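Single chain ahead, written as structure tokens, the form predicted alone.
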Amino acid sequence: MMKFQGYRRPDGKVGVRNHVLILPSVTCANRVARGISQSVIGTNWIEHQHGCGQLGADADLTAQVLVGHGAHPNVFGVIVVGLGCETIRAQDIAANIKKHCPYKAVETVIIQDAGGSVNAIAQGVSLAKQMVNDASLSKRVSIDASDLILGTECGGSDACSGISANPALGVASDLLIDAGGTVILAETTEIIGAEHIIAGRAVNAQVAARCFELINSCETEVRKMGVDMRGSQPSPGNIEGGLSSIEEKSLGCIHKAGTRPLQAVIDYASPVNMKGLVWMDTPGHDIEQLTGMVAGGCHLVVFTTGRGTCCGSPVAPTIKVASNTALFESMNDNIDVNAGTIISGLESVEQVGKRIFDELLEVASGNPTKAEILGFNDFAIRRIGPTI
């Protein structure tokens, strides 16, 4: 049975990290959140541009993403920082996190109530020091790989991505699903033209129908804007890397999902509560996609790239896989795994896929990714409404 060393939470969920997270409920609180985190070793923070001037479903989605990060099992405790007059109030975010995780340490700092930024940072620093001390007492224990939720992502793709890094990740996805775990396929705009293949693997007619609905809805929304999808998909960098069309990009993209049946199609940032392969409806935008999968509960992410990428989640370790050896060597401070050995004939897709699977178990057990070593904490929330 495949195991890793993780944190077993009181509700039975599993964490692969033990973060103390400083979480602003509104963009106006970003600098205070950063100030608290940079004053206390052992904390991490998020910055975003939302939390006010939002209404209805758009505001609900932002709140859902923030709560999803605070309640994430990779987070030991969270300090929610608010300004005091915003739409998405820190007190409400903290209460919702506590509702989902009654055992979790959750505190709030309200800048206006504290009497300004300096006092708010001081208040947050005091709370964070105690939280970090408490978190340090947590011990890793042996946990079955079946508890893991893996997010898959590709960005900065090239002509090698669909024949090396992506299919190798697909092998790793199959290995995790066969072990009883969960894999998320996302990036709806990068499945256009290949939806019939994914739908053909659906466990029932309802799931298959949802695959086509998502693609049709995505294309309809783009047409309403009066723009050409090809202005973004493939991106200029993808084209320079050798990709010719959105369909070619999609046929490479879906390899990340391996070959197992598609169990469900879920909305952006929705909780992932099932086993096997799941499709989450996200944009192709790397950071918005990453944020949505983590809000849904994925423990770690494997991110394939042919042109190079440096981003990483503040909550879920993000493993980078290069599709070609030249990239692995030129951006080695960002890339964790080289799948270019497939292109050069040194390894098979299956061999690299097994290496990726072994790497994700090592990272789940605490080995840091390159993005973590560099302290990258990229975060962006999908918007579905206008700023008011």
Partner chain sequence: MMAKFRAIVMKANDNVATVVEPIAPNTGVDLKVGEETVSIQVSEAIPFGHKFAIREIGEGDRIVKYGEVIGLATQNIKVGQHVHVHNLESCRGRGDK
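Residue numbers count along the first chain shown, from 1. All values derive from a computational prediction rather than experimental measurement.
There is also a form predicted together with its partner chain; it is not shown, and the following applies to it.
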task: Could you tell me which of 56-64, 329-337, 39-47, 346-354 sits within 4.5 Å of its partner chain in the model of the complex, going by non-hydrogen atoms?
output: 346-354
task: Identify whether its partner chain in the model of the complex is within 4.5 Å of every residue in the set 174, 206 and 278, based on non-hydrogen atoms.
output: no
query: Quick one: of 310, 143, 239, 122, which gets a non-hydrogen atom within 4.5 angstroms of its partner chain in the model of the complex?
result: 239
- request: Scan 213, 113, 228, 267 and let me know which has any heavy atom within 4.5 Å of its partner chain in the model of the complex.
  value: 228
field: residue 243: touches its partner chain in the model of the complex, heavy atom cutoff 4.5 angstroms
entry: yes
task: Answer with yes or no whether residue 248 is in contact with its partner chain in the model of the complex, where contact means some heavy atom within 4.5 Å.
output: yes
query: Looking at the partner-bound form in the model of the complex, is residue 222 within 4.5 Å of its partner chain by any heavy atom?
result: yes
Any non-hydrogen atom of residue 255 within 4.5 angstroms of its partner chain in the model of the complex: yes
message: With the partner left out here, which residues of 148-180 have a non-hydrogen atom within 4.5 Å of its partner chain in the model of the complex?
response: 158, 159, 160, 162, 163
